[in-house]
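Listed next as structure tokens is one chain, alone, in the form predicted alone.
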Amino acid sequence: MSAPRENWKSKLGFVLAASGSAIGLGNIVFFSSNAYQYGGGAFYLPYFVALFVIGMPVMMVEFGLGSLTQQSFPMALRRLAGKRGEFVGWFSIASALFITMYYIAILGWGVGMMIGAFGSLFEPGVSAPFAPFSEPTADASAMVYFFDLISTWNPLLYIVLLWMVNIYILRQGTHTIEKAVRVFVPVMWIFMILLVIRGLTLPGGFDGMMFLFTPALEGIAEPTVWKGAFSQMFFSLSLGLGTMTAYASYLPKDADQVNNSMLVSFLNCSFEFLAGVAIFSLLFAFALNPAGSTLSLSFFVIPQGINELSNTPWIVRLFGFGFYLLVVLAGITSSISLIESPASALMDKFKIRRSKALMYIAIPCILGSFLFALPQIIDSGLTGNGTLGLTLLDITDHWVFNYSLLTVGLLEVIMMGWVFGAERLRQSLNANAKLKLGRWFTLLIKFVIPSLLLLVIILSLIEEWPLYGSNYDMPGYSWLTVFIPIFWIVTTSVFAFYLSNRKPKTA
């Protein structure tokens, strides 16, 4: 017999957990990379449109699913949209597990950089077993340190540690999650504010903020700017992963999910703005080029800027340690939600204990995380990613992260708009909302959001030729560029078909 459904001890605990889920590595570095790539101020109008047109409405859908059904994502969709809905839910869960595996591998590298802040990260004389970095550096180089790090087995130890931390936080569900986020989330905000203050007080730092917030009207006309903004918003709010529905299912049925959606969305976007100011001030203060990549920005460029913050070594080391502590904490608040989503789904479907559900998830996923951290060198010239682990991560992230969230979001709003009924959903949300949703919400869910998401998916697929990663110099491993997307689609589909056709157990 299953235990009674868990509940958050307070609304604050829920808001901190949901905002912590949304605030992750992407908020700190991916937003800044996108903003730089799409012209700074030109990115903001599309970003705000995306917030109000896609971000908050879809979050209302996912919060509404959880509170209406008191179930996790797959079972909630089954109740409101039938077996096809449950299939979509399990497809989302399976994709989230892929993301969790490599997400924790990235956090493992973050732990390695955090440790390196008091080691050789900010020291000269570093080398790595790749042709461009085989000779010791004359100056400190975060890039060389990073490639040396990922070519060792050390990240596997950090991965085990991170999984243990996640399982420990999740061991008692909402009770221990709430305890963790009450510490982690405020610490993240405090450190980010300090980073903003330090960045703006640097010579040239204010220019970075002005670039970020100055509208560039000519850039707004570019379709790619709008595509980037809409994609960023969907990824940023952790939509399409089942996490928000799982968290909302632990709230009372009469919770005001309109207010909750707005509050979590604004907290997430506020943190992104702060992160953008902090990082752009560093970029402009030290004339750094972010190279448009999340990994390069967080592991190469920002440490370079931190290294120039002060002539006093201990200040640089302390600041570097603090930044990667921020990265790891932000990552953990997201990873616990990524793991809670499938754990909640398994508990709801099969009425098993939390400890058993976590074991079913952790054992295969730890092994999966190991794959994304394999140090085997397959590209010594660094025309691609260098190691087998980073290559697997890069290709998997491109396909799973870029397409699973958008696809699930598209199917989710179609089912809620046309099967369950957008007007019915609006009335359900309004029943407990202080701020009532107008009929515009029905139009958004039925027509506008599906059309926009379908357009983004189609445009992205058109841009995929030649196949992503096909230009990497990987003798003997070029087949990975075809195998990985096929493997993801087949395994997630089989997983979803099997579980959605299993008969749920009753309490």
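Worth saying up front: this structure is predicted, and the values here are computed from it rather than measured. Each residue number is its position in the shown sequence, starting from 1.
Absent from the display: the form predicted in complex with a small molecule. The rest refers to it.
The three residues Tyr103, Ser238 and Thr243 all sit with a heavy atom within 4.5 Å of the small molecule in the predicted bound form. Stretch-level contact check against the small molecule in the predicted bound form with heavy atoms at 4.5 Å: of 301-309, 331-339, 174-182, 354-362, the positive one is 331-339. Only one of Ile489, Leu25, Ala496, Val15 lies close to the small molecule in the predicted bound form, with a heavy atom inside 4.5 Å, and it is Leu25.
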